Structures are given as structure tokens and as C-alpha cells.
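Presented as C-alpha cells, the chain that follows is alone, the form predicted alone.
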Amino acid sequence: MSRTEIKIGGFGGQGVILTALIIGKAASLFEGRESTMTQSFGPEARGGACSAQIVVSDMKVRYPYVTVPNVLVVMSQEAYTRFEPQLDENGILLIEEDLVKSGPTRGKIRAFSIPATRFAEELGRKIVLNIVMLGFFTSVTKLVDADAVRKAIRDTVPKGTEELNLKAFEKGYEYGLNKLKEEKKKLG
């Protein structure tokens, strides 16, 4: 991997920025790679449009902005509608399936969906849907090592919530591994 561009979109309050921060921290602090993160959110904050962009590279990041994302994570319909056209035609699209209705994919885009909100509710806290998505992202993309992400979660989430967040991560991670197995069976 030389340079991978990642965009995460949703609405304020879903933990979009925190998710990006954890990915960048896992790559840079716990894997020794380079990463940058930029963020954007509407003036209404909670409930408004929100996105974060991460660049992860094995070499120095000379341009910190995402131009054509290789990976797109969408947790709201607005994020899907707005950002899906920007996704590279060979990219990976990760969808929160209960909140986003997606159309057919373009080019060779690999699309995967997960009921992250439902899984978070089953764990007792809807607020960890972003960490469920993070686990899903980690297993499907294989861009960042799962142990590095676990360390970054422990290091970043509020004290006292580490165990819940790690359970949420594992739920998404295992679901992603199963989705990859299903894809492999379909492809033969």
C-alpha cells in the first residue's frame, strides 16, 4: 500500500470524527505509518451533515486531502448521495444498511453493508454504532491491523467505555469477516 484515501460520512452525533481519529491513530501511532485527517461538519453540529477524510500511507503524506476516496464509509443517506459519486470505480463502499438505501454500484466498486445501528442497540448503546462500523471497516478493508485499532480504541474512547467499545468493534469485525467469506463463495 502506498497511499489510501478514506472518506467517512454521516451526521453529527454518529461519531464520524472519532472513527476517523481512531483509524489515523491506529495507522500512525501503532503501525508506524503516516496519516492525516481532515473534517467537515455543518453549523448545526448534532444531526447536521458531517464527514472526515483520512489519508494513510507508507510514505510521507505530501498532500493531506482526499481527492478520490479508495474507501467510502456512509452512515446517512445524505452522505451516500453526496459522496458515492466521488468514490474510485475500484473502491470499497461500506454502508450502514438501516440508514442508507443504496443503488447499483459503478465500475468495480465492492459494496458491503452492515446493520451497525441495530448491533449497537443490541449492545445496549446506540452511540457505539460508529465503533461497530470501525470493526466492519477494519475486517473488510484490511488497511489497518485489528490489534492496532483495538489499541487506538482503548487509547481514545472515554474512560469507563473501553469494554463496550471493544465489544462493538468485535461485533463489526466478525460481521465483516463473514461478509468476506460470503463474497468469496459467490466468486467461487
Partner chain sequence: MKADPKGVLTGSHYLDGDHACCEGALAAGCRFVAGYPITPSTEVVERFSARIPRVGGIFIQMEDELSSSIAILGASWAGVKSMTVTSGPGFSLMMEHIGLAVMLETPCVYVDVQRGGPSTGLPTLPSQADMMQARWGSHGDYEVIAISPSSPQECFDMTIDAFNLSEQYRTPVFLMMDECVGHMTEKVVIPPADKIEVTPRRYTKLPPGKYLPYKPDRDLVPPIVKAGDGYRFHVTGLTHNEKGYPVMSADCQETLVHRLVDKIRVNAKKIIRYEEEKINGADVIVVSYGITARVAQQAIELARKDGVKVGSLRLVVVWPFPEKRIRELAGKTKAFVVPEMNYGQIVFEVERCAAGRAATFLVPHGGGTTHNPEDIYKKIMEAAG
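Residue numbers count along the first chain shown, from 1. Treat the numbers as computed from the prediction; the structure is a model and nothing was measured.
Below, we turn to the form predicted together with the partner chain, even though it does not appear here.
Looking at 49, 146, 61, 127 here, can you tell me which has any non-hydrogen atom within 4.5 angstroms of the partner chain in the predicted bound form? Of 49, 146, 61, 127, the residue with a heavy atom within 4.5 Å of the partner chain in the predicted bound form is 61.
Would residue 171 show up as a contact with the partner chain in the predicted bound form if we use heavy atoms at 4.5 Å? No.
With a cut-off of 4.5 Å between heavy atoms, is residue 24 one of the residues that contacts the partner chain in the predicted bound form? Within the cut-off, so yes.
Tell me, yes or no, whether residue 35 is in contact with the partner chain in the predicted bound form, where a contact means a heavy atom of each within 4.5 Å. It does: once the partner chain is placed as it appears in the predicted bound form, residue 35 has a heavy atom within 4.5 Å of it.
Answer with yes or no whether residue 29 is in contact with the partner chain in the predicted bound form, where contact means some heavy atom within 4.5 Å. Flag for residue 29 set to yes.
Work out which of the listed stretches, 136-144, 157-165, 63-71, 119-127, brings a heavy atom within 4.5 angstroms of the partner chain in the predicted bound form. The contacting stretch here is 63-71.
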